[in-house]
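Just the one chain here, the form predicted alone, laid out as structure tokens.
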């Protein structure tokens, strides 16, 4: 019975999200227009999502990757010591 309730809850949330996210974005912004017009020429990526992620935000993504790597390395270092000083 619990499994049925969980499945129904997931389906309801999925339906709400699908209805909320469907359709076109109502506003046209300068940034959106610039990316649509110049995305392929600026980055060489045919997919606009890829061009934004790897082309325009590459340095930001690289910075986030470095922070994540340092954080995980720190956690592994402290856990490998087993609480010993």
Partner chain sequence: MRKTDVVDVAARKLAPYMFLFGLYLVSYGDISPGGGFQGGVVVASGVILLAMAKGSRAVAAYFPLHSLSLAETVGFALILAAAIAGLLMGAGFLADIVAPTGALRSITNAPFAFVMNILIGLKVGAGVSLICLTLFGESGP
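Bear in mind the structure is a predicted one, so any value in this text is a computation, not a measurement. Residue numbers count along the first chain shown, from 1.
One more form of this protein exists, namely the form predicted together with the partner chain; it is left out here, but the text below deals with it.
- The partner chain in the model of the complex is not approached by residue 22, whose heavy atoms all lie more than 4.5 angstroms from it.
- At a distance threshold of 4.5 angstroms between non-hydrogen atoms, residue 38 is out of contact with the partner chain in the model of the complex.
- Taking non-hydrogen atoms only, residue 34 never approaches the partner chain to within 4.5 angstroms in the model of the complex.
- Mapping the unseen interface onto this chain, residue 8 falls outside it, with no heavy atom inside 4.5 Å of the partner chain in the model of the complex.
- Along 40 to 61, a non-hydrogen atom within 4.5 Å of the partner chain in the model of the complex is carried by 40, 41, 42, 43, 44, 45, 46, 47, 50, 53, 54, 58, 59, 61, in order along the sequence.
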